[in-house]
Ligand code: PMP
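Next comes just one chain, in structure tokens: the form predicted on its own.
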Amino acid sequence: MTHDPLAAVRPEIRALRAYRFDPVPAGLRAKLDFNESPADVPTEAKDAALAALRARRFAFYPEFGSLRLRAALAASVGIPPEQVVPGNGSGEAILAAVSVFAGCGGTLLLAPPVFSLYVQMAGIAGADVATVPLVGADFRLDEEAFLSRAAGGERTVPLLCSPNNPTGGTVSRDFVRRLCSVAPVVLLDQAYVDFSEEEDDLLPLLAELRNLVLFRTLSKAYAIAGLRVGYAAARPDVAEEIAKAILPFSVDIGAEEIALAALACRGEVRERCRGIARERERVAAALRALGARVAPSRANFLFFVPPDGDGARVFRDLRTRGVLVRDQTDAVPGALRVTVGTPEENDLFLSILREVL
């Protein structure tokens, strides 16, 4: 007799919807579905990273604790290295924090529509999920309802994304202060903050709020999504607890070297982000001129509903013509999300969108 291994799978894992996508179609003309950078890492940074890799022994593990990377990440945002927990992308750091604070019976509090992987992280960690949906045509956070729900239990852990994926909205520093006054710990994903305004950067709050944890990534503004580097930022004693849930050597030497080289190009990255923000506003205005309902965004993407409300059809027609956007109709009826690409990619998207409308 053989046993069925699926019978041993935890029920909350069986209930999860797998995170997967269709292969990129032939004839691709513009890939605007994953919020990736429209520009690559500068050639000189690639060359510097490759030169450093040639001098490394691949048979040896990476430096334990990623000390050089921690120092560089910390310096890039002006905090001490002991407040930084590097990970294999910010997703690993978020999963670690969810496991540490809400795992095994706690509750993760979300404000949908939000990054769909958060629900998967909760399931993996053994946490329940509670939600307070965004409200209004501009998908605002219902602050009072969210605060009330966050205060509802000692193991209720709010996780917000600001700027929010997929809608692009942000939360204020004053609201974060209020949230930290009622919740045991507050998790804030700031993957897209480089494309936002100075007041949207919540990192300065770490100095005053001991129970705040922020997450950043080098996948978006720094254009190294293919090499997976992100981090958590928190008070040193809190960071130490999160680090316990991340496996040793999770950031490999290739990712570490390209991250160090990319971080040395901060000036160029800031200028590129400003250009993307300008393009975002141009594309948003063009979408509104077509009759689409567009959510206010401070990220490198736009969340919109086509004028006829048939996002599923528009998604298919764009894909057929070689333009990939993100189908968000499961989150909001009729909704799509488009990454801000190069001016040429954005013009192509708008031109083909006019055709399919």
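The model shown is predicted, which means the values in this text are computed figures rather than measured ones. Numbering starts at 1 and follows the sequence shown.
The following text describes the form predicted together with the ligand, which does not appear among the structures shown.
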Assert contact_stretch over 191-199, 122-130, 150-158, 235-243 against the ligand in the predicted bound form, heavy atom within 4.5 Å, equals 191-199
Taking the ligand as it sits in the predicted bound form, is Gly89 in contact with it (heavy atom to heavy atom, 4.5 Å or less)? yes
With a 4.5 Å heavy atom cut-off, would you call Gln83 a contact of the ligand in the predicted bound form? no
The ligand contact at Tyr118 in the predicted bound form, heavy atom, 4.5 Å: yes
Report whether the minimum heavy atom distance between Leu108 and the ligand in the predicted bound form is within 4.5 Å. no
Report the residue, out of Ile94, Val251, Ala102, Val283, that has at least one non-hydrogen atom within 4.5 angstroms of the ligand in the predicted bound form. Ile94
